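Okay, so here's just one chain, in C-alpha cells, the form predicted on its own.
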Amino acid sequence: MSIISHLLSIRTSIYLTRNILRPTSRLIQNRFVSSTSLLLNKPDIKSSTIPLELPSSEKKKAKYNISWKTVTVTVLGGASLIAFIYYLDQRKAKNRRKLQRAAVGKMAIGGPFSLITHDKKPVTDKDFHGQWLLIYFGFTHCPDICPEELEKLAEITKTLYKQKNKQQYPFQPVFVSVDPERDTPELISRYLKDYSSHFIGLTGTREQVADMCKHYRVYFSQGPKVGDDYIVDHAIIMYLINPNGDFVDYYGRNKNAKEVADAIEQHMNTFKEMNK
C-alpha cells in the first residue's frame, strides 16, 4: 500500500511539473525570441540620420545650389567693379567738362616773361613749369595794401607747405615788382625776408615788367612824386598758374588766406585727377 501511494505521489509531481513549467518555459522562450527579433531588426541610427550616399536627385540639388551661389557672388563682384570703374570715369569726365566750361569766355591771362630774381638770376616763364605759382604784383615802398596782401600770401604758403607731401607738384609764391626803378634785387631780397623765406621776388627793366603786366592784364601807374617818394597805383590781385603754365584762377582782397588756400587745393586735386 505504501509503495502504491509513493508511486502515485511521483506521478502527480511529474504531471504538475509538466503542466505548470511548460507554459512558463514557452513564455520565456517567446519573450527571448521577441527580444532577439527586436535587436536584430533595430534600425541603424547612424545610417538613417546620415546616409552613406545621397540619392541622385539630392546630389543634383546640392550641386546646383553651390553652383548658383558661386555664380551670384561672381556676378555681384564683377558688377560692383564695373560700376566703380564707371563712376571714376564719369567723375573724371565731369571735372574735365567743368574745367572746359570755366575756360569758355575767360580772359587770356598769362604768357611769356623774362625777368631776374632777387638773387640776380635771370629767369623766364619756362623755368617755372612743373610748379604751381601764386603771383602777386606790388612794390616794396607800398605803405599798407602790399604788406597786408603779402602777409596773406605768407599764410597761404604756410598752409600749403604743410600739405606738400600730398601734392604732385610744388607750390611757389612769386612777388613781381611794379616799381623797377627803385626795387633792386637787393632791396626785394631784404623786403621779402620779413614775410617768408619761400618767396621768389622778380624785377627787371621797366619794359620787361610792363610786358609781363600786359600779359597778366595788371594795371599799374606811377603817381606824382613828393621829393624822391611816390606811390604806384596797381591792381591788387593774386594769379594762380598751373604746372603747365596756364592761368587757372585769381583772388582779390575779398578772399582771406583760408579761402584762397582751400580753393588752390581744390584746383590741385582736380589737376591731379585730370592728368593721371
Partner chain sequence: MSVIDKNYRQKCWLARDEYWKCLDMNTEDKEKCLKYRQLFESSCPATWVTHFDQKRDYDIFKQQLAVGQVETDKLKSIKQQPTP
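Please read these numbers as outputs of a predicted model, since none were measured by experiment. Numbering follows the first chain given and starts at 1.
One more form of this protein, predicted together with the partner chain, exists but is not displayed; see below.
Out of the listed residues 127, 119, 194, 89, 194 is the one that sits within 4.5 Å of the partner chain in the predicted bound form by at least one heavy atom. Interface residue among 111, 185, 147, 170, judged by heavy atoms within 4.5 Å of the partner chain in the predicted bound form: 147.
Remark: of stretches 202-210, 71-79, 135-143, 153-161, the one touching the partner chain in the predicted bound form is 135-143 (heavy atom within 4.5 Å). For residue 198, no non-hydrogen atom is located within 4.5 Å of the partner chain in the predicted bound form, even though that partner is not displayed.
Residue 229 belongs to the set of residues with a heavy atom inside 4.5 Å of the partner chain in the predicted bound form.
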